[in-house]
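Just the one chain here, the form predicted on its own, laid out as structure tokens.
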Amino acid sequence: MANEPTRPSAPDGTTAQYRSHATPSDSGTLRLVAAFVAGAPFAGLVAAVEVAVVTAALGVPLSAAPVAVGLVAFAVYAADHVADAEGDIGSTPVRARIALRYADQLMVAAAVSYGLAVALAAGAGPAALALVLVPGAVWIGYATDWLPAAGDLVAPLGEVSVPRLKDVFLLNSAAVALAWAVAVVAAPLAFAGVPVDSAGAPAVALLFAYVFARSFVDVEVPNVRDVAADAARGVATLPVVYGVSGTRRALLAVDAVAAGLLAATAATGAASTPALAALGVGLAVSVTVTALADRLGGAALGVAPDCSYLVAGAVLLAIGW
């Protein structure tokens, strides 16, 4: 397990190696709570709102899909924060402190959360069950040492080295974006038992591409904050390879593509206009965050990109969905 080297070994729940980073002398309680809420619980909330907005956009009945995908998101990100706590000390010290101190509890919470999601999906049918398994399966290849270990078994002499997806330039963000696009767009249909053709295949495909593009941006923007830590670990991200300015231009281009996909979705006439308008407002928030990526603080940069979907959800509620 990737988190084994960081298993707590001191009374305060941290390893001695990281004690100076992981146990600052400040009061800390509110910061710990804020950091925890801004971590996996926040990711779960955003994922649930994403699914709810897409449900409205596709015009399918509201189902348990937002809850199930939210539970999956919480589970995946809680496990990811524990697995990478050691490397996150420099970029997100408070969150890493929580992950180091409460690693076992977080992993139990992640397992319970994923189990609840699977139970909800099992009641909705095989398609829903398969969909909620996608993010977890991708995470196993993305953040754990499963792929490198499998590569070592295939090539025991070390002639072939298989990296984690998380360590492969662009493929790391693309894998995350693909997993969430599948879950966010397909789950509302699967949980409601609505065929793709009934919702409008072109609209479904365009919304899938839109969520993929937006998720890619949401993954890469926080990498601006993590650029030093990622470079030290040898993880290639857009900010590591092309710098902040190059990253900003690339991500604004992706947002421009997302805007085009949203317009194309509207042109199909099969999607809800209020929901697409709400997504458009959220996209404007994303563009603003991307443009200010190098001016936002680390904590803000960690949550600001995902706030675009919360804004979209608020707009959708405000206009009467």
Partner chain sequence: MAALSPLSVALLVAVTVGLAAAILAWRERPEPGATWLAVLLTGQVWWATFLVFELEATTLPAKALWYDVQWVGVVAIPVGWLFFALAYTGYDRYVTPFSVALVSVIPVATVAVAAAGDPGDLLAVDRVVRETAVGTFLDVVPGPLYYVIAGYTYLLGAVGSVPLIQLIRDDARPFRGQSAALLVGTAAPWAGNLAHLSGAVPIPGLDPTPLAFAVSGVAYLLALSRFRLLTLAPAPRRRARQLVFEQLHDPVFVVGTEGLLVDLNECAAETFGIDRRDAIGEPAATVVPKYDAIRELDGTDADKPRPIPIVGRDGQRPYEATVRDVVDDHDRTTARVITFHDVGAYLGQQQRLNVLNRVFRHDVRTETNLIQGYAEQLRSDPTDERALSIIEESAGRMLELSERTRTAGELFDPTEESETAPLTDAVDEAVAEARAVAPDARIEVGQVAPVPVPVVLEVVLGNLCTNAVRHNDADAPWMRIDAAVADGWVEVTVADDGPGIDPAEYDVLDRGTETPLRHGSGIGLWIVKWGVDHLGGRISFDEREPTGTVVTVCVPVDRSETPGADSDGEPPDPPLDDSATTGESASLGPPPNAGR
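None of the values given here were measured: they were computed from a predicted structure. Numbering follows the first chain given and starts at 1.
Below: the form predicted together with its partner chain, not depicted.
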Listed residue (A231, A201, V244, L116) with a non-hydrogen atom within 4.5 angstroms of its partner chain in the predicted complex: L116
Sole residue of A73, V217, V82, A181 within 4.5 Å of its partner chain in the predicted complex, by heavy atom: V82
M107, heavy atom within 4.5 angstroms of its partner chain in the predicted complex: yes
Exercise: A205 in contact with its partner chain in the predicted complex, heavy atom 4.5 Å: no
Contact label in the predicted complex: G125 to its partner chain, heavy atom within 4.5 Å: yes
Its partner chain contact at A192 in the predicted complex, heavy atom, 4.5 Å: yes
Per-stretch contact check against its partner chain in the predicted complex, the hit in 116 to 124, 169 to 177, 208 to 216, 245 to 253 (non-hydrogen atom, 4.5 angstroms): 116 to 124
Residues of stretch 52 to 72 in contact with its partner chain in the predicted complex (4.5 Å, non-hydrogen atom): none
